[in-house]
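One chain comes next, on its own, written as structure tokens: the form predicted on its own.
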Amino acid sequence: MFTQPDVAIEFLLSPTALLMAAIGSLLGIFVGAIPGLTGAMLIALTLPLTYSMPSELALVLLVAMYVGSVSGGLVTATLLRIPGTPASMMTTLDGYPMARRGQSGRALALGIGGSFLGGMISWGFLVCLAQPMAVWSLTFGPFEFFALVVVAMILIASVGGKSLSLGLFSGALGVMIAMPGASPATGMTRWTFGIHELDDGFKLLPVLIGLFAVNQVIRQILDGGDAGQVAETTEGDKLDFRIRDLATHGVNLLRSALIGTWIGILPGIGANVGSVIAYSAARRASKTPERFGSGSEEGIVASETANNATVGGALIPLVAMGIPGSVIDAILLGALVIHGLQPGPMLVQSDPLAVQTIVGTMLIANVLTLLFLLASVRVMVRAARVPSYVLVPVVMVFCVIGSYALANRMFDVWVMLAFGVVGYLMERFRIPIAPLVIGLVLAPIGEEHLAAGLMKSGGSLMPMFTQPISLGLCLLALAMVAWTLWRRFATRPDSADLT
């Protein structure tokens, strides 16, 4: 992965790459700070604008947006009691009470510091684990990859949502949406219903824009999406982070970063779950658990450290095996394909510069996000108050342009609008969208490897159960299903629903 690192360093430190990283980080922070807008939406909308860019430059912009969007939510969560992103949900519980007590600077400083350190620790794991995992996955055959895809999808359905059945339904829906078009195995078209525009299947980008951007627009229109009544806060105090905080909160920082990184590696779970689990762990370990929820410094540190640490963790399976660890990673996976790169373990060997760009950009974006957060906290609060009647038309114009520009055809615009309605209805009925997106992305990969395995074995599935790695993955999938069913039916999971 780190062959010829001087080439990657020279590229990442070039003025153009640094400018893209700065723009991406800044946009990510502001979108993350605005309630109702998400990093997934920003990246899906920006992807069409990167068509004419070199692939590495596009990755710099998109990865920087990813890093920035996770951090931006802490500002409005602390000062307005409105988490800009679900990942900052737990920060609201303690950040806002501290702000009401006149300690907004202290709360923001702890959140910003935790975000930076969580991101840096998970970046260290990304550097250390991506290469060995990629080398290990090179030993995988087609059945091993198919079994890995099955494990990822079961994990998404069983852990990533509030209901196993709804998660499985959403994942199955994603697989069905991936079916129309040419078969990856035979090349024959299927499920096109005589619609020639479906010969290549649903384009990933209009589906993503619909699910994440148009969905939000519909919600803003129907449900009302203004930031709401701004709470009274004390804004006069300065950011207050002390060196001794590293000693005071060191264990909490490290534990939360490890939890966030591990949760990030698990496909489809996301930063919000990482934040909740780290917050719960910090509360259990605290000498003053009664302070949680009423302005605990430990709570802010745990939440913000963990949600940023999920970014590096989620990038590990993406870089090493082409398996997305989150919804945004699924969009990044689509970006790799759109820019002519082949995701998977061979990416490390075939295009090491792209991999090094992703890894290096995360480091640079973390530093830039820290600087921008320190410099623009108060400005972001004002940005979060932009009314929905201003945001909605602007976002909708970008949605239409982005979908149409993909292939210069109105069909993709209609697809985008249709999936916007689908996304809105799914959230309305509490059906998780993440399994759908990752099922959509993983289904062609799984089908391709299954077909290759069957051709290699003369149509027999037995090698999947006789080869050690694929057998182990199959047993792991069964164990996850059994554990999930046991947890939901044999216990009262009052803390199981984490999203």
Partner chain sequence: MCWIGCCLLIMSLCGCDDSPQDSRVYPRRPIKLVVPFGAGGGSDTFARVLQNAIETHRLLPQRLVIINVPGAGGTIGSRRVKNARPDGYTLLLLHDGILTARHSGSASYGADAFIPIAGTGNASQVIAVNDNSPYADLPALMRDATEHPDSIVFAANMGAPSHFAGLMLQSKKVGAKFRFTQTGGGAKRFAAMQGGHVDVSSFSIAEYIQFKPSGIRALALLGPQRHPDLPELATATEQGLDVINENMQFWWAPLGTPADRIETIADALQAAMQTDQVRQTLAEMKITPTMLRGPALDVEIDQRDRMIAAAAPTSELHLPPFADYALVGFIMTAAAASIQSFRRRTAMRRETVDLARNGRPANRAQLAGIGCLTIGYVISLQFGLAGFVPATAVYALLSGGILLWPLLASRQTNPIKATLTLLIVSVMMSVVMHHLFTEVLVVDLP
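Residue numbers count along the first chain shown, from 1. Only a predicted model underlies this, so the values are computations on that prediction, with no experimental measurement involved.
The discussion below concerns the form predicted in complex with the partner chain, not included here.
- Contact with the partner chain in the model of the complex, judged as any non-hydrogen atom within 4.5 angstroms, is confined among 278-286, 360-368, 296-304, 389-397 to 389-397.
- In the model of the complex, residue 349 approaches the partner chain with a heavy atom inside 4.5 Å.
- The partner chain in the model of the complex is approached by residue 404, whose closest heavy atom lies within 4.5 angstroms of it.
- The partner chain in the model of the complex is not approached by residue 251, whose heavy atoms all lie more than 4.5 angstroms from it.
- Contact check for residue 450: a heavy atom falls within 4.5 Å of the partner chain in the model of the complex.
- 338 is the sole member of 338, 239, 422, 120 with a non-hydrogen atom within 4.5 Å of the partner chain in the model of the complex.
- Contacts with the partner chain in the model of the complex, taken as any heavy atom within 4.5 Å, map within 445-480 to 447, 448, 450, 451, 452, 454, 455, 456, 457, 458, 459.
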